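First, one chain by itself: the form predicted on its own, in structure tokens.
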């Protein structure tokens, strides 16, 4: 992680984000962030006076980057909605590492702090809304699109859990493939009736 070409603040954030993904916010100390970033202690406290400040900045950066990435994929109107949904579901994911944001929901220090929990909440609410909009584009009623959006996001998150629990990255892929196989005929039928 020690990349001297990056500004110190960015090096600290990248180190924190990687450590939070690997071991959680609660399990990560400022000293570990310093070691991984290669930045001096003075810079850490200059940019982030408290661990809470660092945690909030790192979690916010992680959630915003992830939402921006999926938003670009799901809102690409040059592609049909069904194709965008399947592409979102089938995108490559580090199954055994787990979801960077989903893992934060198991971190007590994040979930017990309204400020730290807020970007996690906003990410999942935004993701469900984006997926729901794509389902609505297929002609599904709002309530059906709403439920399917939750199911799609839950399949991905549950797939991560299964992959980690079974120590088998294929578990995530199987969960996604199973959902897509159930989803495609219904979506194709909706498109055909429009």
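Fair warning: this is a prediction, and the values are worked out from it, not measured in the lab. Positions refer to the first chain, counted from 1.
Only in words, not in the display: the form predicted together with the DNA, which the text now covers.
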| property | result |
| --- | --- |
| Residue 60 within 4.5 Å of the DNA in the predicted complex, heavy atoms | no |
| Close approach of residue 141 to the DNA in the predicted complex, 4.5 Å, heavy atom | no |
| In the predicted complex, residue 47 touching the DNA (heavy atom, 4.5 Å) | yes |
| Contact test in the predicted complex: residue 169 vs the DNA, heavy atoms, 4.5 Å | no |
| Partner-proximal stretch of 60-68, 22-30, 127-135, 151-159 relative to the DNA in the predicted complex, 4.5 angstroms, heavy atom | 22-30 |
| Within 39-65, the residues that have a heavy atom no more than 4.5 Å from the DNA in the predicted complex | 39, 40, 41, 42, 43, 45, 46, 47, 49, 50, 51 |
